[in-house]
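In structure tokens, the next block holds one chain alone, the form predicted on its own.
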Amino acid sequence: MIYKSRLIGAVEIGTSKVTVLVGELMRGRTLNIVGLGSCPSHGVIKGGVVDYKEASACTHSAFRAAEEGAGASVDAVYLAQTGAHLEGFYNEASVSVNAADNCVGALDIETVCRLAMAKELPEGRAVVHHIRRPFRLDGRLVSDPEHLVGQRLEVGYWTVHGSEAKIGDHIHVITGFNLRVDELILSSLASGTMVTTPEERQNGVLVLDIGCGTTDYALYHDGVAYQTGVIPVGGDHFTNDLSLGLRLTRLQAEKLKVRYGSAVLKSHDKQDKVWLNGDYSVGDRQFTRQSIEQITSVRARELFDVVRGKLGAAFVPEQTPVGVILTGGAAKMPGMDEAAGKVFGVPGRIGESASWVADELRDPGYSTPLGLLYFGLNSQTERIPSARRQDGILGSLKRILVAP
């Protein structure tokens, strides 16, 4: 039998760069990465588009490079979603099993799922994801209750929603050059699937994707994301702190951060000094390594404190034995895993991509676009059924997408 291949594009429009991966998706359920494009980001702040023309130009540039590498145009796009406008809530429902013999049927499952997803959103908000938690049948967890015997069936959904306008801005960037957006996928879920195994998600793990302008998080239990979120804090804030604290330009502060920044205080010698440029030219200055580390370590702890506060009672160290796994470009700062482990009280480590990922894509900054391709191959969250897609994110944004 001859299988037809399909090219899909994975797009992350980030604060620091736009990344596009092209994957060849085979009907035989295999995926080959055949194109890569990257471009410094413009017109994007904290994951949100603030200048459509600039954001479109850099995204188009990344697309051209990726399609040139693939030697063909993509058929559809999987688009990452981040930004502080994204919020989530939990809603559950229960039904009595309808059959006289108490055998759960397809109608029971459809009814309880529909009721759990039925909560109304405020005006101007649209659903991005309905993430289903495991079913409960008479109080016991079951992955698929159909044909099992019980009296009461329960299920809950973590529903992620966002600003229609801000999501629409991202979609417009893609549709502006005649491409179709197939799915919107949370950055936290995309990167989370790449740096964890199914067993780790089953046992309990927290994933933090620390980008330039935002940090996305996903807390997993029982194999699914129990809670997700985004905070508007990322690598840029470390740079800003150094710029203000040491009276430097942003470019100079970024240079010091990359060379000498640390999420934990390691230097205790005030005589241990480093040069800004190291060429002893006019304007070159010395700083104590301790002063740099003090600034970056305080910011790291604050970042992790904010995430833990957002998780609230949902995060229990004893229920998260795998620990906290970090990914994203800003996670590469030395000591980030150690600092995270101290705040959350669990082991911390930097996430690694699967063994099949090519060496040039194993950098933490590629976790999200790789995860988008993974979702294109085998989605791990429950989407709104295609028959009801008009009620989902793409349908609710129809008036925005057709606007001039």
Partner chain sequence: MSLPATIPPPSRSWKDIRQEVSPRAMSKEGHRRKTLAGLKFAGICALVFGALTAGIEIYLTWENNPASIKDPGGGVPLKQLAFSTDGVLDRAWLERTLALPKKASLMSLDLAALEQRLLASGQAQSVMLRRRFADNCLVVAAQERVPVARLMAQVDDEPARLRLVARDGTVFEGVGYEPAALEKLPWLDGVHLRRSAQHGIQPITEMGRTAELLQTAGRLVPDLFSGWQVVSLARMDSDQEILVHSTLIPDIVFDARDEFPRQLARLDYIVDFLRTKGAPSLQRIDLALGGQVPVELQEAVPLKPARVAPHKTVSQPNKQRRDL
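Numbering follows the first chain given and starts at 1. Predicted, not measured: the structure shown is a model, and the values here were computed from it.
There is another form of this protein, the form predicted together with its partner chain, and it is not shown here; the text below is about that form.
**Q** I need to confirm a contact call. Of 97, 181, 224, 311, which residue comes within 4.5 Å of its partner chain in the model of the complex, counting heavy atoms only?
**A** Here the answer is residue option 181.
**Q** Of 261, 168, 234, 83, which residue is found within 4.5 angstroms of its partner chain in the model of the complex when only non-hydrogen atoms are counted?
**A** Contact check passes for 168.
**Q** Would you classify residue 67 as touching its partner chain in the model of the complex, given a 4.5 Å non-hydrogen atom cut-off?
**A** Yes, residue 67 sits close enough to its partner chain in the model of the complex that at least one of its heavy atoms falls within 4.5 Å.
**Q** Within a 4.5 Å heavy atom cut-off, is residue 90 in contact with its partner chain in the model of the complex?
**A** Answer no; every heavy atom of residue 90 is more than 4.5 Å from its partner chain in the model of the complex.
**Q** Please determine whether residue 110 contacts its partner chain in the model of the complex, using a 4.5 Å cut-off between heavy atoms.
**A** Yes, residue 110 sits close enough to its partner chain in the model of the complex that at least one of its heavy atoms falls within 4.5 Å.
**Q** So in the model of the complex, does any heavy atom of residue 175 sit within 4.5 Å of its partner chain?
**A** It does: once its partner chain is placed as it appears in the model of the complex, residue 175 has a heavy atom within 4.5 Å of it.
**Q** Please state whether all three residues 140, 151 and 194 have a non-hydrogen atom within 4.5 angstroms of its partner chain in the model of the complex.
**A** No: no residue has a heavy atom within 4.5 Å of the partner.
**Q** So if I measure heavy atom distances to its partner chain in the model of the complex, which of the stretches 253-261, 114-122, 303-311, 288-296 falls within 4.5 Å?
**A** Selected range: 114-122.
**Q** For 67-84: residues with a non-hydrogen atom within 4.5 angstroms of its partner chain in the model of the complex?
**A** Read in sequence order, the residues that approach its partner chain (within 4.5 Å, in the model of the complex) are 67, 73, 74.
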